[in-house]
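Taking the form predicted on its own, here's one chain by itself in structure tokens.
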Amino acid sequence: MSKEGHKYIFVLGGVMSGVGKGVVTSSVGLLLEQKGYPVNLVKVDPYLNVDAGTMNPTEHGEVFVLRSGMETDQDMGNYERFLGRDLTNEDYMTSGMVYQSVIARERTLGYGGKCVEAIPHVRDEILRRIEDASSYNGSRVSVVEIGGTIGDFQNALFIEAARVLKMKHPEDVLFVMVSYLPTPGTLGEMKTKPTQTAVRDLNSFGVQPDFIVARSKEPVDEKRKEKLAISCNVPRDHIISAPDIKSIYEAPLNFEKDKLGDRLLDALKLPEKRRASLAKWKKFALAATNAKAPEINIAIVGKYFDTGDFVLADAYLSVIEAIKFSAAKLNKRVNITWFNSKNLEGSNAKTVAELVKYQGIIVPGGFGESGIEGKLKAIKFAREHKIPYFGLCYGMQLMVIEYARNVLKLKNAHTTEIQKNSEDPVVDVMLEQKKHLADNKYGGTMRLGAYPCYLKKGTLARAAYKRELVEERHRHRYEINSKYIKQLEDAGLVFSGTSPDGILMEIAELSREEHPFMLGTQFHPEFQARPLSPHPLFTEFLRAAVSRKRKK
């Protein structure tokens, strides 16, 4: 059962997806916490996958990994970045998780032989999870984002669960609808009708929005607010204008100007404990959007770009945000250019020499064979031309393969992920992963979540972190083959970070004498980068990039 007096805010999307439900949820959480109320943020994904781990990044965007190892939707990353702390498994659910729990309970006669149905049993399982998340986190307010768009068949049960909670606790539940107000170019007038239609769709579920966050290109004027208020039965001061902004990190500041936090507290009948203290956040947001800051040009050589004529930057969302945080700390502005590694391969390949124009090169994580030779060409170019290089997960493994091929002269060095019978398997599947692969167990079976890493003295990594022991999040099945470590080290490669037992190579780098910054991590440092606490490795990489620009 719901805790007595616990408050819930449900965030839903109208008109179309991608209008910023996650940013609104994150901003509301930040504002309420700054006003003195413990908050937990919950993401509901209506797909039947049990988690996000098996989904293609070009279809769904980045898979974000929690400290626990749960593979989640990228919105969970936004939540952690805005709140500045780790979230828990209880803060995430999918339809797959819900149905899996209901079916498992039915198989053990947990329903006492009843006919198990979507209503009430699936709905009640959703409610249980929402309420358990608040209890587990000890929060005062839960902000729950329901994925998808109003009217979708897939999220109907989640909206029904929220409706029932509102019926039971009418003073403790609010609905915030994030909707888009288009301004068709041929008309030149902002239109409210799509949002009115979305509200009617929501009304058909028995739910009335308490607030409308009106997303649009330009600020919503008073005339449009008045029209929405009358047509949608929402108080005019509960219609919040959310125009396009330079950075999502400006959103909480804009919402605070419009007193969104105060109005939410008032609607929930909660007293204001204190004014939101957003001075540090404002300082960061100003630095992150400073158009006059000196520019650094960074190339990201990736592979998840097969989405027609558009670049799917969401596949590398946490990497992009981590770069922004470190750039703001250094008072720099980063210009990112995307290189599809597949275009660096074959007879008609784009020349890799174009990379010489950049102050730094990043090869992010990924899986599979496509684009791998293009990435290896980029890494070789970065090493030979002394361009700062940062490899993440697969980017570290490929860095080691490139070094083995071109410095150790092991021309057939490879990873068994691509070449099972490699003559020189410099990268090999982890021992505990072999049975998972043999049994076709892919979901939730990788080396996932936070693991400790020891750093060697006198290395780039140790200087960046300024401590001996760190903890970072992982998502991989393959590792550097221990049989080749001595050869690689004798040839000049430094394994500056290892697991506590010394078996797993966590960080590889070249010394400063060999290269200004050539470093790769087996883990994903981007998952722990936060606006007010940038990740030290990203910061050091950008420092090296700044130094390269200064020298040129």
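Source: prediction; values computed, not measured. When you see a residue number, it is the position in the sequence shown, counting from 1.
Not pictured, yet referred to below: the form predicted in complex with a small molecule.
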Thinking of the small molecule in the predicted bound form, which stretch from 188-196, 291-299, 476-484, 70-78 has heavy atoms inside 4.5 Å of it? 476-484
Residue-level contact is defined here as any heavy atom of the residue lying within 4.5 Å of the small molecule in the predicted bound form; does Lys35 satisfy this criterion? no
Should Ser142 be classed as touching the small molecule in the predicted bound form when contacts are defined as heavy atoms within 4.5 Å? no
Distance check, Gly96 to the small molecule in the predicted bound form, heavy atom within 4.5 Å: no
Exercise: Tyr454 in contact with the small molecule in the predicted bound form, heavy atom 4.5 Å: no
Given that the small molecule is left out here, which of Ser326, Ser134, Ser216, Gln397 has a heavy atom within 4.5 Å of it in the predicted bound form? Gln397
Only one of Met177, Cys393, Val470, Ala161 has a non-hydrogen atom within 4.5 angstroms of the small molecule in the predicted bound form; which is it? Cys393
